[in-house]
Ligand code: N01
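Only one chain is included here, represented as structure tokens and corresponding to the form predicted on its own.
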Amino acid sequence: MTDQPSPQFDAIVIGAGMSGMYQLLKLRELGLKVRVLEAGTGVGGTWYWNRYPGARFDSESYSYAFSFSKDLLDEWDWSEHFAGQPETLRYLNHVADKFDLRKDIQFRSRVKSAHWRDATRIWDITLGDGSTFTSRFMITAVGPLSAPTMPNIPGVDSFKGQSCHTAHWPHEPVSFEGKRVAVIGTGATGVQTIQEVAKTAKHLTVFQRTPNWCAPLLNSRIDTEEMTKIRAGYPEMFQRCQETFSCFLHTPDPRATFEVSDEEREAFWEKLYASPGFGIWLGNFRDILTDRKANAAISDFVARKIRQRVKNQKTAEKLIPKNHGFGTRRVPMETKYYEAYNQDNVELVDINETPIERITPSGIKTSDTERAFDIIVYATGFDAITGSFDRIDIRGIGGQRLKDRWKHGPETYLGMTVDGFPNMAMLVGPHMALGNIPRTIEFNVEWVADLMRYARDRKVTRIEPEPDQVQAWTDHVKALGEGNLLFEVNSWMTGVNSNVEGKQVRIVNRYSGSAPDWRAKCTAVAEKDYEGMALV
């Protein structure tokens, strides 16, 4: 249609992490007028905000990098197989510099609301400071883990020492030397933090509610010769990532757990445990996440490893999960995490036995005692996947709020669009293949860019999925979760967060089929002129 008013922008992208940066680049190539709105003062998303000690990749650095530019691949050298946050942030700033992205990014710009105006087919977007923008299309690049949550503990604001959430870490260095430190939480973030803080703190107290199955990261340096070999193998490596179940270098072994002898099984698990990265989780026997007996066997193997590594067996038992099996929650990768509990300066407090009653001006009071601290670190996780959407007042046709629409669980088409919310695309939202996120990001960004090209060429100003297609996709995603042990466990992957009101009911938050299958379905929709979508 040609009689519609012209908005300020063809597209506004919310977030300048990896997905927002790449989406900006692809839409620029189409000649569209684009603005990226970013709450922080720099690019990087996850790697801008999460500066806590020990923050690093748990997928191989080179498999995490952008693959779209050979020049970029040729000129960047990774120093470690699993790069730390500072190096990753340098890499993303290098990307921003190379492609001159900052000129179209507005920093210190947190989006407060986004309201669809059906009469004009325009999104009205308002920032926290009251400034407004209009855009034909709105693309969310808000990330699956970007809405940090604090625990529901009285007195949090009363503490007189230094405290912070791992996702809101100070930009200046924090010294733990000679300090009494508390870390609340033992998820992936907590594990990385704990193993670093334990090195220098005068005393570290870890407050644990739910232990997690952790496995060795086994990181190592990359010298010039090895980097040359990695670079030469990029085409094959990225092709492998396109073919594996979750876009990682690791893929399930075709054998079932009990198809091999006891000796073969034990030797295989020993090999995986001694190998770098996610192999013990993602390269294991094909049935460890679907067969209870198989899952019990691998859980017993990892439990034995924990007992071997932790000297005090009472502490070891507290560190072994009893309410979920290995791999049914995200597996934190660690470097001498369990050995930290062998140190005299580290104490583990099980808050199931002695609950935290409140934070006091001087420390933390549990049911049995009060402990004094100089620093409290909240490694209490995120309101995952949908949380970053909930924090923006997104309203579609008739003023319907997306948060209300998703009250009982997300409903999407392909994980990228929602009926009732025209001209909105989600880059890393619910109901899509997650896995090795940058691989998903590149596909999503290119799919959305192709949709924008299609709309531009045909003068389409309104795109919305059909309701029956949204229902069908949502039902498909739920069906894929059946029989998967992961969906029987409370975790961020099943949408449960006890610190967030209304997030105590388990839902299917993510696509659990293979990434190749998901991409094939999305590609088929595009090849059929975006079948299942109304384009006007």
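This structure is a prediction, so every number in the text was calculated from the model and none was measured. Numbers follow the displayed sequence, beginning with 1.
The form predicted in complex with the ligand exists for this protein as well; it is not shown, and the discussion that follows is about that form.
Though the partner is left out of this view, R121 does not reach within 4.5 Å of the ligand in the predicted complex, counting heavy atoms only. Mapping the unseen interface onto this chain, G185 counts among the residues with a heavy atom inside 4.5 Å of the ligand in the predicted complex.
With a 4.5 Å cutoff on heavy atoms, P151 counts as touching the ligand in the predicted complex. The closest heavy atom approach of R51 to the ligand in the predicted complex falls outside 4.5 Å. Stretch 187 to 195 is the answer when you ask which of 337 to 345, 291 to 299, 255 to 263, 187 to 195 has residues with heavy atoms within 4.5 Å of the ligand in the predicted complex.
Checked against the ligand in the predicted complex, the candidates Y511, Y62, F57, W473 yield a single residue with a heavy atom inside 4.5 Å, and that residue is F57. Put simply, of R231, R330, R391, R102 only one has a heavy atom within 4.5 Å of the ligand in the predicted complex, and it is R330. Residue I351 is the only member of 350 to 372 with a non-hydrogen atom no more than 4.5 angstroms from the ligand in the predicted complex.
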